[in-house]
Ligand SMILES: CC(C)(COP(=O)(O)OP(=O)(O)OC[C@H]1O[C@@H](n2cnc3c(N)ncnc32)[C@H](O)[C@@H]1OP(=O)(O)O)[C@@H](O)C(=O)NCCC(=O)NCCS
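Here we start with a single chain on its own, the form predicted on its own, put down as structure tokens.
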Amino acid sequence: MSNEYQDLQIDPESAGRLAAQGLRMRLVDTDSPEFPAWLYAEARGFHAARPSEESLDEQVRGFAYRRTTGVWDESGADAASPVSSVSSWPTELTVPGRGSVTAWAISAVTVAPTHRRRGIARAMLEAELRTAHALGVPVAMLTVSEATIYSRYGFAPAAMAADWTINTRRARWTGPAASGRVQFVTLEQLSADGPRLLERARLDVPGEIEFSGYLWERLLGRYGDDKELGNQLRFVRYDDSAGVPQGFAIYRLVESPDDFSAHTLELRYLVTATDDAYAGLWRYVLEMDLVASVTASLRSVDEAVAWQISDFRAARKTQERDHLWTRILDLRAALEARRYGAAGRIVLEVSDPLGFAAGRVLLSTDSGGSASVIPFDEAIPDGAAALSLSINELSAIYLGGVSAVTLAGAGRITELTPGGAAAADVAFRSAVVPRLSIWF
């Protein structure tokens, strides 16, 4: 998709609704003098410090690819500053079967506490969905700081995340011996070579997204006011026996105030394109001298390393939570983009209060996992499964990490045929647990 998404006019329905309250909703060009005020408002919305001039310059460059929107209250004392913010862009989302679907990433959603309960968040989010739908983007997605807001717009958690803590004094390595080697690389080397490896590995994990630019540089500690943290980061790469890079890790070491031999290794990012690289990098991390524990955030809820150490209880999930929320906007395009675990037919009666993806469709899958989706107003075919569900539940099971049986048991999905939810689980389940390894 070209940058037409940046030039598409502001959504007239939401803009008109806000204008009736004396509020003005408009796009902000990153080259505009208004953009620093937008960045200040976004930082304020997340209770962050006011960005420095250096950070502002970095974000002006880094956000250039995004569609940036704000809402202004020109009757306010500080009429030059927006009272809300949102940014968005299209990118690729991995779906089961090593496929991709274009998704509308929504970020930086804030509303000033002085302007709560005036329908501003609703206007912004509905505008984003209508914009994505107008552009033909099949799925919208976001990472959320609050989990109580977005279900009303059709979003649902589709990929969970876990924080892990591993006691390295109990966790003797029992996994396979890696065939290659781990070596330090410079920031410049990883900055240049890392994105290609990221993209190679992305298709293996549903829920991962294509990213580069600002999000990538932030991961390396190059953007933001806390440059001191960036200076503490260390970078290692795993090369296989043929010398081909197959993974990398970013970490820092935090000294214990009481015992120099009991550092904590904060594993800030680890990505691998092969199981061999996974074993090589995790073993490197766990066998570090002068380290008593490893912490890792935004990891899979089903991390294989827990099965590669001598003491299963040495690896603990310290937090497990929702992370990536998805929202289907186009039933056919979204459902046909992914692969399925079994051949069969499933009738889906989908409700969508916002009207983007409501309808009754027949999902037919073949033995190779491919699917076709057609509108379907006939009687349920013999042998077909059938479900009634809202767009929230369909969006939840879309990546294969949330159980239709669980949602049926919770009263969130209605089986129109006996065993319909179990049949959906067989089809929709992903062999790889969905995960997203970053915030956006």
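Numbers follow the displayed sequence, beginning with 1. All values derive from a computational prediction rather than experimental measurement.
The same protein has a further form, the form predicted together with the named molecule, not shown here; the description that follows concerns it.
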Review point. Does the 4.5 Å heavy atom contact test between R196 and the named molecule in the predicted complex come out positive?
Key: no
Practice item. Tell me, yes or no, whether R116 is in contact with the named molecule in the predicted complex, where a contact means a heavy atom of each within 4.5 Å. Key: yes
Check your understanding: Any of the heavy atoms of A105 lying within 4.5 Å of the named molecule in the predicted complex?
Key -> no
Practice item. Mark T148 yes when one of its heavy atoms lies within 4.5 Å of a heavy atom of the named molecule in the predicted complex, and no otherwise. Key: yes
Practice item. Tell me, out of A315, V236, A127, V111, which residue has a non-hydrogen atom within 4.5 angstroms of the named molecule in the predicted complex. Key: V111
**Study point:** Single option in V361, A296, A121, A273 placed near the named molecule in the predicted complex, where near means a heavy atom within 4.5 Å
**Key:** A121
Review point. Of the listed stretches (66-74, 44-52, 25-33, 397-405), which one has a non-hydrogen atom within 4.5 Å of the named molecule in the predicted complex?
Key: 44-52
